[in-house]
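Single chain ahead, by itself, as structure tokens, in the form predicted on its own.
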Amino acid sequence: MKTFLRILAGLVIIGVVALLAFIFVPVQRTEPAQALAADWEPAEGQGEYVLDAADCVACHTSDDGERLAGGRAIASPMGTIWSTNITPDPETGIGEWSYADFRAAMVDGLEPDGTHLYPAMPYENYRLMSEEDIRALYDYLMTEVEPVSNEVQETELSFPFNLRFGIRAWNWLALTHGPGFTPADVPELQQRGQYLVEGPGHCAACHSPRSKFMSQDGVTADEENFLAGGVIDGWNAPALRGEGSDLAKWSVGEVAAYLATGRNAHSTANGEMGLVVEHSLQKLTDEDVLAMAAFLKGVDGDAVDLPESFAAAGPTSLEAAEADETGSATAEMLASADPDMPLGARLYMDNCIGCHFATGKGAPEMFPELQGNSMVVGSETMPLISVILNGVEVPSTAKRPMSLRMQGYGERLSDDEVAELVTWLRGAWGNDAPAVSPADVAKVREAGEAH
């Protein structure tokens, strides 16, 4: 009963705020701080580069559809949102949009007729992009992308989220940053990285926590919770800053390698991050990837040893790492092959040790380390369970063309066995995360079969 009353109270508050916003907050397009000259033209290739940096392809292309023609299902706490067709088709795409229309969508979340876009479109972040980049992207979409006629499924959320005028209230609360980019007092390379991370890369959309209003709690580097970690559709988007984060343990070169290739000496990219690497980050220049890595390493104010080039950042070591002090007891127990060891450990030896080794350190740039791995110890257990049941693939990239594939063990292991294995992984090598139950595994297995 208390839960019902809290939900009811929340809906009443949302309704009241939405109504007040509808009455008192006007729908308006934000004007640029400095308009472009009438004869301004983008540099050659600038528009397509912005498209890649902003990761437009991953969201606006369905698995079996044509590039940028929309129709991809995007999960949100409010329900499924269908991405739009952003090819210049005049009827089903944006072919009739003026630049002012396009800018309003990017900066204010408004369609030409004043309809509010759902904030699955990260205009919270895109509004930090430069006027030149937004215009270059518009020109590219309108002049270099082939129009595709594709009538995208209409997004139909349940009440009250289907009342789009309520987003006016949300924008009033969430859009606390005016358009345009404000660089921090850091070297020029890190400023470029800051721009890419805050603006087109929209990293905070996943890696910053959400406020009680579901806005990003930390959009720019001067905010306390910027990139402090979030949860997206049951996946942990790990913190990219702070003493306990993965990036705190990595060098600038290792961060850059992960961004550009989806792999380094410690980890591999999968899930949504795998798509970001595949469709966006691997297409950036070495200098820009280094800039992002340098910015992320220095976002807490630490001094950063800036390499002169991507090559100078150094390839990560291809030698298997030794177990450190906190993991040595686990490694020794596995090496002993004691038949009385826990079931989870025996399952690890039967199925995992060949790639991830007794140390749990894996093989650099191939098999990720499991000790301290954010997926292994994260609050959300679905991703790790899903990987064990269904397997996972690390995409091929220009710098690392060999794709990597881990097989699934769903047919080999029961729910009880997977729960034992996952629980053991979450406590081995010094990991300290709660156990999972067979019911947790069954839920993920059922969702995978339904998908």
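The model shown is predicted, which means the values in this text are computed figures rather than measured ones. All residue numbers are counted from 1 along the displayed sequence.
One more form of this protein should be noted, the form predicted together with a small molecule, which is absent from this view; the next part is about it.
A.B. asks: Look up in the model of the complex whether E124 has a non-hydrogen atom within 4.5 angstroms of the small molecule, and give yes or no.
C.D. replies: Output for E124 is no: heavy atoms all beyond 4.5 Å of the small molecule.
A.B. asks: May I ask you to check whether P147 falls inside a 4.5 Å heavy atom distance of the small molecule in the model of the complex?
C.D. replies: Flag for P147 set to no.
A.B. asks: Looking at the partner-bound form in the model of the complex, is E272 within 4.5 Å of the small molecule by any heavy atom?
C.D. replies: Yes, E272 lies within 4.5 Å of the small molecule in the model of the complex.
A.B. asks: Although the small molecule is absent from this view, report whether D300 comes within 4.5 Å of it in the model of the complex, heavy atoms only.
C.D. replies: Flag for D300 set to no.
A.B. asks: Decide if the three candidate residues L334, C355 and L413 all line the small molecule in the model of the complex, where lining means a heavy atom within 4.5 Å.
C.D. replies: Contact check failed for every one of L334, C355 and L413.
A.B. asks: The chain here is shown without the small molecule. Which stretch in 240 to 248, 342 to 350, 182 to 190, 211 to 219 comes within 4.5 angstroms of it in the model of the complex, by heavy atom distance?
C.D. replies: Comparing against the small molecule in the model of the complex, the contact stretch is 240 to 248.
A.B. asks: Heavy atom within 4.5 Å of the small molecule in the model of the complex: which of A294, L259, A265, L370?
C.D. replies: Selected option: L259.
A.B. asks: So which of V252, A169, C203, A228 reaches within 4.5 angstroms of the small molecule in the model of the complex, heavy atom to heavy atom?
C.D. replies: By the 4.5 Å criterion, the partner-contacting residue is C203.
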